[in-house]
Structure formats: structure tokens, C-alpha cells
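Presented below, as C-alpha cells, is a lone chain in the form predicted on its own.
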């Protein structure tokens, strides 16, 4: 008797609990985009490193911000001021230049008027303003980026600012992708009768790479038990995660589950109460994880996004809070059966509401290519009215 499929939440818990953490390595800063920090990064400087002007203008004492004063110095950026500002004096200063000793405010250039003979009339209002004070953004020794933070362009700027030119990051997971199916041909070939092109391999490798992991495409394996076993054994020996597409259901040519058992994979679950994706299989052999996905392209995309993307992020030590965006349903949604959790491709309209895309099932990959996000409808929910508040996962 086939066991009942697991609730999605239980499958998700098992997947994340099985994840090993990867070792750390140092990389050059220009190679760190998309990597995940393995350790906290602390600043070796105050930021700003000195009191500096936030505007082009005149640095003076507060008591001289209104009235006529003598211009005794000019301070461009990159130059340390050598003169102290006394009563009745000011210094012409550029944005980002160090504030001279004695100065308490910077009067904007627009609030000044030249008087001739090295003097200027200021209309600054007498308030401390237009100064970036030393350490007001970051103080020396402060954690500027925590372990688990994915590195994007903004994070690279911070790393550069604190001199972290060799950040310690988690090793990239090695992910092998094996697509099974005797009906498949590679994308560069024109399909013959009863054949279709392999889109799952390209799709899964792209999804793997987008998480920051390394993808190895093993290509197509026909529905032949011995060939699948040979390919699976090779991939398991050289991967952190092996993904199979196809061959995981209960048909006569679905060999993947029995092959994995035979080569020592502990199957942690086989079957999830979700649509699409019900035949999903997940297991491990030693430190290597493996996941069998249905062959339908929408199912492979959905299960990867909901289960395997969080798995890879957790493997690298990254924060894995789902990227959920609140939205309003633009149209009614209804389905005939509600026993399984459903994942529905949706598109945002001009007002920020979402509407389901016309979608014919798990093989309709062209539909999901038009989607902006995925709406997850819980098991037991059959209808959602227009105007309902929902959360979606952006694609």
C-alpha cells in the first residue's frame, strides 16, 4: 500500500533539517557577488572617518552663521585643513572635505553672498547643520554585515569600505542535474515523432545558478534502469545535491526510487501533498542529498522554488525567510478539488493586484514563463474571492 503523501509543511521541515552546512573559503572581493558570508564582518574604521561637510558651502562657528565673515581658507576634498576657524572667520569647503577645527556648522553655498575683499555674507540660521559627524554611520569594531548575508552590489560596497577584500564565504554547493526520459532530445535537436526537447535540464541548472550554487548538467538518461543507476552513482560521488527530473512516480518506467534505494540512499519521503509536485522524493546518502522531481516542467520549477532553493540557501548558511509579497487578488479563484496545496502562477496588474494566468497544468511551461509570482493556496481552500488579501512568492 502506497503511504499517504506528506503535508507540504512536514516535507519542508524534513528537507531543511537534513541540510549539512558547507565549509568556508576566502574569495577575492570581485568574485564574491552572489556568495554568502560565513562570518561576521566588522569595520576597521569609523564611518565617516572624520567630521566632514555634507554640502558645498562655508564652515564657521554657530555665532557667525548669520552675518558677514572673513574667508580665511579653502578646503577641497582629500586635503586636511591646517587652519583653525576663529570668531568672525569661515572656510570655503567642498562636499566630503574634513571640517576644520573650530567650525560648528556649514552654511550652504546657496545661503551666501560674496561681499568682496575676501569676505562673505552668510544666512545660515545659526543651527548646526550640513555636517556628517565621525562614526555616525558605523563605529570601528561594529558588525557591518552578519554571517548568512548574501552578497549583492550594496554589500560589496560595504566590504570595500571596511577593507574586507577577501571575505570568508560558504563554499558553493555542487549540484548535479539528471534528466530521465526516453522521449527527450537535447534543445539543439529537432524532435522526431513521440519526442520532446529537454527543457527541464536547462531550467534546473539556471535555478541552481541563481541561488549561487554550481550546476553540473549530466544531460539526458533514457528510461533504462542500469543506465540510471550508473549515472546516479557517478553524481552522488561528486555532489552535495543530486536532482533527478522524471522517473519518480509509480509507472512501469519510473526507475529512480528503486535505483536510489539499491545504491544506498535513505529515502526520507516520497510523495508530498502539493499540486504540482506530488511524486517528489527526497533522500540522502552520507552528506549528499538527492531529490527526485516530477518530469512536468512546471512541477520541477515549483518544487525547486518551494523546497530546493531554501535547501541550497540553508546549506550556505543564508537566511531563508520566504520572499513573500502581500497582494490583493484581482479576480475570483476557484478549483474543483482542494485536498492538496496548490501553486498557481499569477501576474501583477498595473494596480499591484494579482490575477491567475490561464494555465492548463504542470506541462504548461509557456504559461509560467509569463508569471510574475506564485500564489500558494493551502490544502482545504477551494475558493478565493476577488479582493482577498494573499501573499505571493516573486519569481
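Owing to the predicted nature of the structure, the values given are computational and were not obtained by experimental measurement. Residue numbers count along the first chain shown, from 1.
If you look for the form predicted in complex with ligand AMP, you will not find it shown, but the lines that follow are about it.
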| item | value |
| --- | --- |
| Contact check for 180, 198 and 297 against ligand AMP in the predicted bound form, heavy atom at 4.5 Å | yes |
| Of 169, 184, 306, 274, the one that lies within 4.5 Å of ligand AMP in the predicted bound form (heavy atoms) | 184 |
| One residue of 254, 104, 229, 240 in contact with ligand AMP, assessed in the predicted bound form (non-hydrogen atom, 4.5 angstroms) | 254 |
| Distance check, residue 173 to ligand AMP in the predicted bound form, heavy atom within 4.5 Å | no |
| Residue contact check: residue 292 to ligand AMP in the predicted bound form, 4.5 Å heavy atom | no |
| Close approach of residue 247 to ligand AMP in the predicted bound form, 4.5 Å, heavy atom | yes |
| Answer range among 76-84, 280-288, 131-139, 189-197 for contact with ligand AMP, defined in the predicted bound form as heavy atoms within 4.5 Å | 189-197 |
